[in-house]
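Only one chain comes next, encoded as structure tokens, the form predicted alone.
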């Protein structure tokens, strides 16, 4: 019989954690729909922050630049991480152990160390022009690729190898069997890796700061710089940006969970 006291305590801890995680975001979302210039001030309803967010040229340019960068980095990282995971899966045990070990280093390593190291390698030694976004793309790809690998490789371990062999027996060559059998089985890991790469690209500050062109800003670098003397309407418009991102994430999670439940029911 389940202990009611333990159940109540578990539920209490759960809701405390939920409140701790989401209450600050909800407060920010609430004030994004007001005319307040600071948190805790006026609470009159207003959509001015959202109007500013989508009409101010610097903000729209920053958002478009961030999304384009995230897409480019995520596609490259997903390709590299997937190819790497598949190659390691079909390699010997020594190669698997070595790659698994080396892949954990950039994952555990601090972003500031990775950013500074990549900056020295690409800009100081390789003499890459920091006026372009090439060092930035390469640096973020270095950050994101190991996480894609960690998303794809476990799916390969769960894969039924007999299906690949069956495809070969039924007349497929290795390339056809790979795309018709292996890729569908690991597609969930590839999608998760891609979304992780998108999140890391949008969120990263240190690596982006070290390698980006002076005139280029992402959401993370723009938000940090906006706290240093930017106009009040720009700062409050960033509350609206945070709310939009939060609502988009909620909608995406709900959509994917509904899709997973639909697949289970089928």
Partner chain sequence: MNNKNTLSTYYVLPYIIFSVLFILLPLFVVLYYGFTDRTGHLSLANFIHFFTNSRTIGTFFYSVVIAFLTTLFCLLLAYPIAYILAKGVYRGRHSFLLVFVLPMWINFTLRVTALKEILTYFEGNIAMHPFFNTIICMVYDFLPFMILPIFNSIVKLDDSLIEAGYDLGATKFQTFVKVIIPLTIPGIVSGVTMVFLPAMTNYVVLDMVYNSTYIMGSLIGSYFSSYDWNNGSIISAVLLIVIGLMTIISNHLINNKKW
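Positions refer to the first chain, counted from 1. Note that this is a predicted model, so its numbers are computed, not measured. Throughout, rigid core stands for the largest set of C-alpha atoms superposing within 1.5 Å between the two forms.
What comes next is about the form predicted together with its partner chain, which is not displayed.
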My question is simply whether residue 205 lines the interface with its partner chain in the model of the complex - judged by any non-hydrogen atom within 4.5 Å.
yes
Any of the heavy atoms of residue 223 lying within 4.5 Å of its partner chain in the model of the complex?
yes
Do residue 133 and its partner chain share at least one heavy atom pair within 4.5 Å in the model of the complex?
no
In the model of the complex, residue 15 touching its partner chain (heavy atom, 4.5 Å):
yes
Going by heavy atoms, what in 72-86 lies within 4.5 angstroms of its partner chain in the model of the complex?
80, 81, 83, 84, 86
Core superposed first: is there a CA shift of 2 Å or greater at residue 71 between the shown form and the other one?
no
How about residue 120 - superposed on the rigid core, does its CA move between the shown form and the other one by 2 Å or more?
no
Quick one: core overlaid, is residue 183 moving 2 Å or more at the Cα between the shown form and the other one?
no
